[in-house]
Structures are given as C-alpha cells and as structure tokens.
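One chain comes next, on its own, written out as structure tokens in the form predicted on its own.
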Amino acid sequence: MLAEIITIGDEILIGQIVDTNSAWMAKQLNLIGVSVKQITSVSDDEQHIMEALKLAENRADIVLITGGLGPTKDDITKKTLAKYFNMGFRNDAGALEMVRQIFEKYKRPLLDINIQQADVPDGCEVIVNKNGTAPCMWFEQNNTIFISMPGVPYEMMYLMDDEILPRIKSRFKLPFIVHKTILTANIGESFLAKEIEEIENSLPAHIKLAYLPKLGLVRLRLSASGDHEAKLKTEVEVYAKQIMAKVNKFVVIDEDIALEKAILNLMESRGLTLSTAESCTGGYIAHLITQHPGCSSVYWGGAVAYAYELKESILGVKENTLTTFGAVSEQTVTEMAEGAIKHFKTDYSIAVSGIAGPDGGTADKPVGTVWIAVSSKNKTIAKVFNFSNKRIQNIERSAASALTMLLNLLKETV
C-alpha cells in the first residue's frame, strides 16, 4: 500500500513555517504498514495543485493533503479539488453544525465566511472536524483515495488518529512493519558502515538497514515488513544483536529515544542526580534534558553563566583561573563542572565554555573552540573540541559531545 503526502501553502515554501505535518503523518502511516513514497509541497496556486494531484494519483493508492482549507481568499484547496474531480458544491449539514457549535462555545458571531466553511464538493464524503471549522473530505477516483485535511497540526492529528487511520486499517489488508533502532555515538557514519558491512550484506530482502546521522550520533534502524509480526520481530532482534556485538563500544542504547533521555533513564535507575553549567550553549543542554517528562527526578538544575562574575559567584571559578587561562580553557571548564557539583549538590555535572561564533575568536582560540568537562564526585574529564564557524551547529555539537562524555563517564562506574 503506497501513500503520498501533499502539503499546500505558500507559508511552507517561503520558510515561514516548518512542515511538521508530513513527518508526523509519515510516521503514523508507517506504523500501520503504509509506505509513504513521496512528500510534495506546493504553493497556493491552482495549476500547481492540479499537477500535484494528477501525479500523485498515478503513483499512490492513498493521497493525503493538508492545508489551504481556511475561510480566506488565499485558501483555494477546496475549490481546486472540486475542479479536479469535476464536482459542484453542497452545504454539508454536519459540518455546518460543528461550525455553529465552535462559534457558540467561544461566544463569537457566526459570519457568512464561516458558514461557507461547510460548503464542500458535492461528491466527497465529509468527515466532521471536531476541533476546527474546516471539514475533512474523502474522495475516491480510479482506485486512488484522496483525503483532504486542514493544515492546523492538532486538527490534522485528531482526524488522523480518530478517523483516517482506523478507516485505512479496516479497509485494507496491510503488512506488518517492525522497526528496531540502535543509537550509536563516537563513530562516524562511514566508519560505522565499514564495521558492520558484512552483517548488512547478509540481510534478507525484506529487512532494510538505514543510517540516520545527527551531529555526533548515528542511529541505525532495522526495518522489516511481512505478514507474520512475531517472526519479523525475532528476525530483526537477531540482526540487531549481531550489530551491537560488532560495535558494542559505540552503542548508547537499543531504543528509539534521544541521547539525553537514555542518560536520564540510566541515572534514574541508579538514583543519581545531574546539574549543568553552561556558557556558550546558553542553556541548550538544559533544554534538551527538561523537554522530557519526569526529568526532575534526575536533573536538579544549573546555571547559564557568560560573565566572569557569574562564573565566580555561582560556580566558584577562581578569579585567577579566569584571568590567567581565560573562560575558554581546560582549567575554567573543570572548575565550572566541579563547582556545579559542589554548589548544586548533585552526583554528576556537565560544563561547557567556548566560542560559538560567528565572531569572537582569536588566533589561538578560533571560532568553534569549545571546552567541555563532565564530573562526578570522584573524577573530572575535560576535553577540547574544534567545531565550525556556524553558531547553531556549534551549540548542537557541543551539547551532543557533552552528553556523550557524560554517558561514557557513567559507563565507567557501572
């Protein structure tokens, strides 16, 4: 079963918003055995939309469309769909009642433009949108299903979960798809591929291996498809164990979770606590940690200390250390890490100080120079990194490197 996703809206193409809808839909479709073969973004232009629909109809069994269903003149998806399927319009009673209920709930006047939201192509099946005024529309033509949904993410997600995915599952016999993810660190993609080349070459046709690199990390994803779920799980597990045995020292965890979440889980299981002392990363490491529910059982807090005065007063860095060696140095970052443990009273800490850029570098400390230290009550490890001149990338690389260093230190004390 093949699917294609079409997102409609100028705001996506000019970078005003990020298309998160497609990624989310693709993931949900994959979980039920539907393969997404193409994702297309088109402008609010009738000809472009018509061309995208025609191409998708020739390639896919299911076409999912989001965007362009609002009440304003620039939202032309509904009119274009009516033209594509050669349909007139009708006012759908169920959709209109939902519009009335929404406006009554928020005590707002119902305008003619809002009533027109219930106008739909007369040959489509309407799926009432319980979270917004734009109805979902289901079309069928030449053995292809077209489903048009609003672009507002939470409206689309509710429709997919409550209506679209259950309908697809009940209508079609879909294969099982099984995934297994292995998170690795401290090894590049090409070196990793070389290490597991023999195992990858031995994979049967129904099991694929994907490399998913991300600044200091590489995820390996084994994917198997077929009719017997239990058998697929067993097969995938066999190959996953072979890979992990081959590159054991680089494996972080064999779950599809973020590096910081793996660390939180490990530390929570041991009853350990963590604090952070950040300079050039500006709280980004704390952000990565605190986006996970339950992090407070491990993460006690930290400091973002750019100024010398704050490094001294909050983290206990010595004035002489800063004046002699500078903020971006092994000595300073070591004292930051050890000061965080002392002042925040945690078992472990992370400290980062560097020159994120794009300016501020010197001949001996160019942009991208970052010192990172991780510390326990008994040991501190400091390391210098030389990244690029791209600020955001330097911040992300620093965070990934710091978390990897912490994980390695935790592993030493198993």
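Numbers follow the displayed sequence, beginning with 1. Quantities reported herein were computed from a predicted structural model and do not represent experimental measurements.
As for the form predicted together with a further copy of the same chain, it is not shown, yet the points below apply to it.
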Segment assignment from 23-31, 347-355, 377-385, 360-368: heavy atom within 4.5 Å of a further copy of the same chain in the predicted bound form
23-31
Only one of Lys318, Arg221, Arg90, Lys261 comes within 4.5 Å of a further copy of the same chain in the predicted bound form by heavy atoms, so just point that one out.
Arg221
To verify the annotation, which of these, Ala245, Ala230, Leu212, Val238, has a non-hydrogen atom within 4.5 Å of a further copy of the same chain in the predicted bound form?
Leu212
I have Gln16, Val36 and Gln291 flagged as a candidate spot, so tell me whether each of them has a non-hydrogen atom within 4.5 Å of a further copy of the same chain in the predicted bound form.
yes
Should Gly188 be counted as a contact of a further copy of the same chain in the predicted bound form, where contact means heavy atoms within 4.5 Å?
yes
Does any part of Val42 reach within 4.5 Å of a further copy of the same chain in the predicted bound form? Heavy atoms only, please.
yes
Contact label in the predicted bound form: Met50 to a further copy of the same chain, heavy atom within 4.5 Å
no
Residue contact check: Asn114 to a further copy of the same chain in the predicted bound form, 4.5 Å heavy atom:
yes
Give, in sequence order, every residue of 371-401 that has a heavy atom within 4.5 Å of a further copy of the same chain in the predicted bound form, or say none if there are no such residues.
Lys390, Arg391, Ile392, Gln393, Ile395, Arg397
